[in-house]
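Quick heads-up: it's one chain on its own, the form predicted on its own, in structure tokens.
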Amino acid sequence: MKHIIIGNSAAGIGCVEGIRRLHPDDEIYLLSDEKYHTYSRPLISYLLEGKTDLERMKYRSDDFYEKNKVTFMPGERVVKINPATKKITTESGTRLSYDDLLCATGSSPFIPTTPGYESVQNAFTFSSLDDALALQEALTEESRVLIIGAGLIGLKCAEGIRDLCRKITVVDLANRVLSSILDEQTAPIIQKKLEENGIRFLPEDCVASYKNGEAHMKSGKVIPFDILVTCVGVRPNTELLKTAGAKTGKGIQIDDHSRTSLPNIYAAGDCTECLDISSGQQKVLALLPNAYKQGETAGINMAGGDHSFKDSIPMNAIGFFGLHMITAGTYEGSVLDKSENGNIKKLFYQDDLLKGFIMIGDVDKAGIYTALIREQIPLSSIDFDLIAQTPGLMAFSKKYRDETLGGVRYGY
């Protein structure tokens, strides 16, 4: 069998390892439009911050491709997939045939069409290693940086460059930071931490135009800047498969086996949409663990196995200047607030199920709550009051503890 993988991040690597679990000698071709060895994208802010380096950013060891008998083709952008002939074409004109294929093309930054943007000399995005290295080269100690977007990417960018420039201003249309994952009670805690470290915020505002190194805001304010970083979100890279005839929504539509609507073609990672079991809705869940699991699932099935991944949920584990937070699931139903001693814990539940949670500060044992959501364990079957206060296995039934610790549940 000949397998083609388009994409060299978590989903692509998961696919390689999924194939190799069943077949050590199948042909694998891995193509990437980037020139680098596989690396962990969430670490690019830590690279600028000096907390990691290019070597430690590698997602797998230097011998990964050789050890797994992968023909790695960096810098080869795939421009066409022909499902009828089962062939792909790259930008350089290379053509390859396949028996099956994984599309793990990720996502691309969204750039709003703001008047004057094309005149900005130092404009950057912040989603790849190339983005981070280009921004690092442009920064000076006197740089005034304007970041558009107070989501995860924008705030991690701000943290990463805090010591490399003179001033950072973050602008967002929302009335709070991290508006997609924090509520009005918890967002100010993160914002305060960032402000204590010299980052300025301008909420509920947006850029009306750029002119002569200034951002003219809708509110009438004028912000002078030397460097602009746009972090307002990303869009799944669906065009390759959409053009080939695959069903797409916001992302490429896949089932729990990572199959697309096209024969012998799979998809995984940030370019896809899948079922969020916490809300029951189809969503784009751009998360590294999710991407890896989808890719691994695709790889096992491409190699002739029968594997599914059915427990995707939104989840974010991140820290800002030493303040840690974990969020997961959806914030529906009633809320149980167990905040104390400066630590925030909010548990959202409905229909006898834990739907989501927000934890800031002490995030120890958050995995217990994640397991409750993923496995959809009825709250009536556990001591919910105990587990809300002190998460631990003793709050579960003896049968569940025996199965989990004894390995029956997971077949250990």
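These figures come from a predicted structure and were not determined experimentally. Start at 1 and count along the sequence shown; that's the residue number.
There is another form of this protein, the form predicted together with a small molecule, and it is not shown here; the text below is about that form.
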### Query
Which pick from Gly329, Gly149, Gly160, Gly106 sits with a heavy atom within 4.5 Å of the small molecule in the model of the complex?
Gly106
### Message
I need to confirm a contact call. Of Arg144, Lys338, Lys247, Arg77, which residue comes within 4.5 Å of the small molecule in the model of the complex, counting heavy atoms only?
### Response
Arg77
### Query
Can any non-hydrogen atom of Asp26 be found within 4.5 angstroms of the small molecule in the model of the complex?
no
### Task
Please check if Leu241 has a heavy atom lying within 4.5 Å of any heavy atom of the small molecule in the model of the complex.
no
#### Entry: Contact flag, Ala11 vs the small molecule in the model of the complex, heavy atom cut 4.5 Å
yes
### Message
I'd like to know whether Ser279 contacts the small molecule in the model of the complex, with contact meaning heavy atoms within 4.5 angstroms.
### Response
no
### Message
Just to confirm the contact call: exactly one of 165-173, 190-198, 268-276, 136-144 touches the small molecule in the model of the complex at a 4.5 Å heavy atom cutoff, so which is it?
### Response
268-276
